[in-house]
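Form predicted alone, single chain, as structure tokens, below.
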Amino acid sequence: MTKIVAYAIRDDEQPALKDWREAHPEVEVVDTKDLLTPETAALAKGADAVVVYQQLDYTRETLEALHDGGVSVMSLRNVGTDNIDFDAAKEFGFQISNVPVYSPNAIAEHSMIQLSRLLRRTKELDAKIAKGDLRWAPTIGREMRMQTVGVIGTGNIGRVAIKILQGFGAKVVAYDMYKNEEIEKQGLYVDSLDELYAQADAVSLYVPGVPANHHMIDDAAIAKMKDGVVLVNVSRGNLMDIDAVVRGLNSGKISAFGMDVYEKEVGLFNADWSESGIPDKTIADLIERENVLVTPHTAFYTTKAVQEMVHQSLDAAVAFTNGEVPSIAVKFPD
């Protein structure tokens, strides 16, 4: 019988795990709430594969511990692979998969909901109403259909965001180094980021956090944007120089900002700071601002997305153990 050890299984993943188990009685799945570390790798000794999801790095020590226990298949329940020591993974003969497409709608919807809220200034209105102030003025909003929205990245998530924007009636300008045929036919692409920045009233990001994109939104990029631009980032924290964004907010160059990811989010997000106070001064400051919406990396967090992440990762682990290469196998960098 195939045996899989699933690490860091949350309570909200249990229903999806239960469904998968019932559909695959020939596979034993041992689940634990523990993260995968060099120490907890011992739990997988003798197993055929591990299924994982965590922000901790998959270090050489961790991979070596798995390898020493006879495990060389690791299936991620998430998209990001930047926390894997690929040199060690190659050395130890690992096969790895991720879940690149679990629910583009979940992330795209969240980004557009946040953009809509920023345009209609709902955070300010909610605060006024909570105090008993039911006056409209001066909290006047903007209509989505009157905006030109720049979409950076037209992969699965970016294309869903474009459809949502078009449903509102917004004008869309898009940029991607790798153009999508459907978007190209619609004539939405511009030739450069500079051109997008010059046209867009709002900019939303849907690109990976690869080294080439590190801090693509910095002081220089913000300076090229329209005055009063609205920024939304639900992709990766390292896409933005957050200090540059703060400077843009302080100067008024950026009129509003929605963020679901943060470069220093590991150890900060998905933790309760209600008693001790948020230790990161930048995030604490941004949360207090009436024109900033902060969510703690929750864009993906829907029942459908969680189900897909669990099911696809387990399916891929089984495929590897059967000598197959799943469609979601990770290609190692050269």
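Predicted model, so just to flag it, every value in this text is computed and none were measured. Residues carry their position along the shown sequence, with the first being 1.
The form predicted in complex with nicotinamide-adenine-dinucleotide exists for this protein as well; it is not shown, and the discussion that follows is about that form.
At a distance threshold of 4.5 angstroms between non-hydrogen atoms, V234 is in contact with nicotinamide-adenine-dinucleotide in the model of the complex. Among heavy atoms of D176, some come within 4.5 Å of nicotinamide-adenine-dinucleotide in the model of the complex. The closest non-hydrogen atom of G155 lies within 4.5 Å of nicotinamide-adenine-dinucleotide in the model of the complex.
Taking the partner from elsewhere, I107 is found to have a heavy atom lying within 4.5 Å of nicotinamide-adenine-dinucleotide in the model of the complex. No member of the trio Y7, D57 and G93 reaches nicotinamide-adenine-dinucleotide in the model of the complex with any non-hydrogen atom inside 4.5 Å. Interface residue among L188, V261, A200, I84 relative to nicotinamide-adenine-dinucleotide in the model of the complex, by the heavy atom within 4.5 Å criterion: V261. Interface residue among I242, A170, V73, V207 relative to nicotinamide-adenine-dinucleotide in the model of the complex, by the heavy atom within 4.5 Å criterion: V207. The chain is drawn here without nicotinamide-adenine-dinucleotide; in the model of the complex, the stretch among 112-120, 253-261, 85-93, 219-227 whose residues come within 4.5 Å of it by any heavy atom is 253-261. Heavy atoms closer than or equal to 4.5 Å to nicotinamide-adenine-dinucleotide in the model of the complex belong, across 287-302, to the residues H297, A299, F300, ordered by sequence position.
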